[in-house]
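The data below hold one chain only, encoded as structure tokens and taken in the form predicted alone.
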């Protein structure tokens, strides 16, 4: 099935994507990025600091707009969508994990995850059960889930952020350094859980990362340098 000339099995398509930041001195963060992200990809975007990784994630998520070029998400051109349509797309089809967590400080861990389900229209009883289950799956016990973010460690906050992103099982999860604050045991447990969602339920994951633990699990690895794609490889998982 196609929408215009965009294959609907392509979750994200970027065409000639440029982004220039101007704050006295112009910086071209992306320089003509063309990228197709297929449904079911478990994919990393790697590269040195300043290569454009986070900029690319923000453009794909509709959190920023390109200077030139287009981003299609599930066949829809983000540049042609109203703000309300973009907000609905982010709420119902995308999940985000930010480096800074972006948790709501006045809400507990449980309430932060529940809030994501509230925005999706999930009823109170069901969202409480779903939120508790996903928080346990990311390694937070009942003593932790009723704490506010300021009473949690950085690693615990990261797990809450991941739980919030995946609780609604979105079509695409955009994760900016999701394992940066986790020790090896918790990082691998988190990656295992996300890999199961990818395999069993077809959730597509796009990670911006420096972490070899994430890259080792990836099915596809893209490398950016100076705002351009310098490599794009699929990884064989044959035993």
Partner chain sequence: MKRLPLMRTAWRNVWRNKRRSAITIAALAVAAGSTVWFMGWGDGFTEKMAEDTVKSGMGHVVVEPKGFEKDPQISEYIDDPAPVVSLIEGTDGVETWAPRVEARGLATTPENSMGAVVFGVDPARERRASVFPNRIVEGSFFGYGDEEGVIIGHKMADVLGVELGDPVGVMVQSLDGEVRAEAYELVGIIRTGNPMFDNGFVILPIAAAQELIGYGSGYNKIAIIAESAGDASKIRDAINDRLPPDDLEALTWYEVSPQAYQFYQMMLVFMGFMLILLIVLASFGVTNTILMSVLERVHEFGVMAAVGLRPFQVFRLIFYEASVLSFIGVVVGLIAGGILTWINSIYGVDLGFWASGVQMTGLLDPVIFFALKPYAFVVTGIAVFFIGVVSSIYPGIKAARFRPVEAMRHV
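Positions refer to the first chain, counted from 1. These numbers come from a predicted model, not from an experiment.
We do not show the form predicted in complex with the partner chain, though everything after this point is about it.
With the partner chain omitted here, the record of contacts in the predicted bound form names 108-116 of 69-77, 135-143, 152-160, 108-116, defined by a heavy atom within 4.5 Å. Put simply, residue 169 is far from the partner chain in the predicted bound form: not one heavy atom of it is within 4.5 Å.
With a 4.5 Å cutoff on heavy atoms, residue 27 does not count as touching the partner chain in the predicted bound form; it lies far away. Heavy atoms of residue 130 never reach within 4.5 Å of the partner chain in the predicted bound form, leaving it off the interface. Heavy atoms of residue 126 never reach within 4.5 Å of the partner chain in the predicted bound form, leaving it off the interface. Only one of 198, 186, 181, 58 lies close to the partner chain in the predicted bound form, with a heavy atom inside 4.5 Å, and it is 58. The three residues 104, 148 and 164 all sit with a heavy atom within 4.5 Å of the partner chain in the predicted bound form. Residues 58, 63, 64, 65 of 53-74 are found to place at least one heavy atom within 4.5 Å of the partner chain in the predicted bound form.
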